[in-house]
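Next comes just one chain, in structure tokens: the form predicted alone.
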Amino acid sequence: MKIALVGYGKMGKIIDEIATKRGHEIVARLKETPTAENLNQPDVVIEFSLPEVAFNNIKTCLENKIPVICGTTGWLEHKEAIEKIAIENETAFLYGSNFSLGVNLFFALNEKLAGLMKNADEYSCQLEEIHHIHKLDAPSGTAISLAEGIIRNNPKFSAWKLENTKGNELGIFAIREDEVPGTHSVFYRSEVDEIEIKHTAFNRNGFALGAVVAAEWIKDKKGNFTMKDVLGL
């Protein structure tokens, strides 16, 4: 495949290395705004940029009928508009708050546990995420996905909130520390015990590999997708 990388920071460089090893050709490595010309006619775009430019980056690619795999978080108030643009241009869009295989299995485990806990009124629930000090958005997209998974499966919660909460709000605590790639925990606490599920990333390679696998999967497809579609979860 011909792949254009929009956003060429740490993640972009790891994606470049993994995609090349898998036999793909990187036809663009963009730190600047994508255009029809500088994208160089790729089969798919992998977008890992910054929250403030993600919407326009994705919009440009979709309007040029190029499928987009997006791993940028912090812009999701515009996600519905992007999904509409993908449909209007008869192309494909896939957003992943986290492309790691382990994290997507963790998402499924989180939803299962949330369903089991819905009648356990003696337990409170909260989430914690730890990332490197360079991460600009808080909470992380992965933490938001975990919270949404709990809300879908446990009627006790109707919304999430950063840090302290009350009533039916689900609390997410965001910690920025050193060079941590990403650690996510879900806690259920009662007066007598605690249940915890946790995912710890050791490096960014798992995220990058998942993004390339998603790019391979989406070729020639039309519509809006998630990693659940890619992995058959």
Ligand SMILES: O=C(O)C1=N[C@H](C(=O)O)C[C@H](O)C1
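This structure is a prediction, so every number in the text was calculated from the model and none was measured. One rule holds for the numbers: they count along the sequence shown, beginning at 1.
The same protein has a further form, the form predicted together with the ligand, not shown here; the description that follows concerns it.
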Practice problem: Decide whether residue 126 counts as a contact residue for the ligand in the model of the complex under a heavy atom distance cut-off of 4.5 Å. | Solution: no
Quiz item: Taking heavy atoms only, is residue 149 within 4.5 angstroms of the ligand in the model of the complex?
Solution: no
Quiz item: Looking in the model of the complex, any heavy atom of residue 135 within 4.5 Å of the ligand?
Solution: yes
Exercise. Would you check, heavy atoms only and a 4.5 Å threshold, whether residue 154 touches the ligand in the model of the complex?
Key: no
Quiz item: So, 102, 185 and 200: all three within 4.5 Å of the ligand in the model of the complex by heavy atoms, or not?
Solution: no
Exercise. With the ligand left out here, work out from 118 to 126, 83 to 91, 140 to 148, 157 to 165 which stretch has heavy atoms within 4.5 Å of it in the model of the complex.
Key: 140 to 148
Quiz item: Taking the ligand in the model of the complex, which residues of 43 to 81 have any heavy atom within 4.5 Å of it?
Solution: 73
